[in-house]
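One chain is shown next in structure tokens, namely the form predicted on its own.
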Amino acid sequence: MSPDVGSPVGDLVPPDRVSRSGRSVVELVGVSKVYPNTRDAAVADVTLTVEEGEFFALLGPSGSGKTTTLRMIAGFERPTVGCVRLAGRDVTKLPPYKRDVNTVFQNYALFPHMRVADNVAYPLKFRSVGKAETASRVSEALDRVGMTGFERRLPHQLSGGQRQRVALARALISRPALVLLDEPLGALDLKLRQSMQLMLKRLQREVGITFVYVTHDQGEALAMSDRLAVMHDGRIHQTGAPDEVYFRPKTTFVASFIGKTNLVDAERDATGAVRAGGLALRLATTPAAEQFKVSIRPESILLAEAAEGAANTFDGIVRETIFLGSERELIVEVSGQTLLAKAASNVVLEAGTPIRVGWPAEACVVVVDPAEQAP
């Protein structure tokens, strides 16, 4: 019988993998990948470390290089230049079957002619594991993903979410040091995706295995990961904890790709004063550049009485309101700038209504354009 959620892990994973130790499981050093007959690199000079026990997400739009990066970690692609290390060992030239890594694909990759139990047991066939231990580990793995009782079904007799759970059980049964997940929830509907997110995060914490998770969905990456790397055009723009990347973006791409933001052009004069059009802005720190962009998250903008006393306070006019159920979005014109703000769903403001807006100096985050970002 498996332990309850949140309890120490059982037989599925050795005890020394339960908690994050600070040891690196994945190291990419100056990794680039240029496919034959192409000019631009799919991945360009990526250096990255993933620690033992982390849930790490690679986030980016289609074509950003995240899946190619994952495939180089797995061994399905070899870097054009650079080094891939797993647990300190250089595996750059090793094939996938010689790496202590399992991959969960979006299409599940289950054997259609094999029953669930046989699919899950398959990785143990080549590891000299006895029948009794194999049966015990299959039962343990299926129990962890909530698939006990489905042992004799074939993949076509399962729903998409059930097939994904079986694929996860198969990935975990051999007790790998690392599990790679390539858009694993992309084929599921929204409600099932949300349920699977909770299950995946709970499962990863329970077994303590390092997960590297590829997704284009910002909500998934923010909700599930301990840390994430945001990729664009083959490069990593920023790596950090979800709240750090969200509230302190480094580039215009990160600021605009993750969630919604207000990006305004600003300039600093010789006295250090900062202006964005007709707005005199107060920032927490004086920017080094004379011209730059400032990101201000909509939820950082205070309204009406709440705005009084903020470092940046202005009079504006509501131009439009958008009802979203749990909240309202407000389009507010302030000194020639159009800003997006958020309000509670029960706040009703008609277009043309004057409103006071404000935000703290710390909410003004200086970001650089990706073209200006050093490789």
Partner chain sequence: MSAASEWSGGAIEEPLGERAKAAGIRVGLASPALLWVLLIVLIPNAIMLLYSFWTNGLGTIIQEFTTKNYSQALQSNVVRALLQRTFLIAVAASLIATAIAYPLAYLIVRRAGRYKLPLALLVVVPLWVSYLMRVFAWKIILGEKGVLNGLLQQAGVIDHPIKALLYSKVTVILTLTYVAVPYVFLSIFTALERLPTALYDAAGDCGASEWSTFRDIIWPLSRPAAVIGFAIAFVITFGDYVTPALVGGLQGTMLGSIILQEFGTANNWPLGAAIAMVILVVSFVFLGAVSLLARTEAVID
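Note that the coordinates shown come from a computational prediction; the quantities given were computed from them, not determined experimentally. Positions refer to the first chain, counted from 1.
Heads up, the form predicted in complex with its partner chain isn't pictured, but that's what we're talking about next.
Contact here is defined as any heavy atom lying within 4.5 Å of its partner chain in the predicted complex, and by that definition not a single one of Phe257, Val318 and Val347 is a contact residue. The chain is drawn here without its partner chain; in the predicted complex, the stretch among 138 to 146, 70 to 78, 240 to 248, 192 to 200 whose residues come within 4.5 Å of it by any heavy atom is 70 to 78. Interface residue remark: Arg170 is counted as part of the site for its partner chain in the predicted complex, having a heavy atom within 4.5 Å. With a 4.5 Å cutoff on heavy atoms, Thr134 does not count as touching its partner chain in the predicted complex; it lies far away. Among residues of the shown chain, Arg153 is one whose heavy atoms approach its partner chain to within 4.5 Å in the predicted complex.
When its partner chain is considered in the predicted complex, Lys293 lies well away from it, no heavy atom lying within 4.5 Å.
Contact annotation for 108 to 141: residues with any non-hydrogen atom within 4.5 angstroms of its partner chain in the predicted complex are Ala109, Leu110, Phe111, Pro112, His113, Met114, Arg115, Tyr122, Pro123, Lys125, Phe126, Arg127, listed in sequence order.
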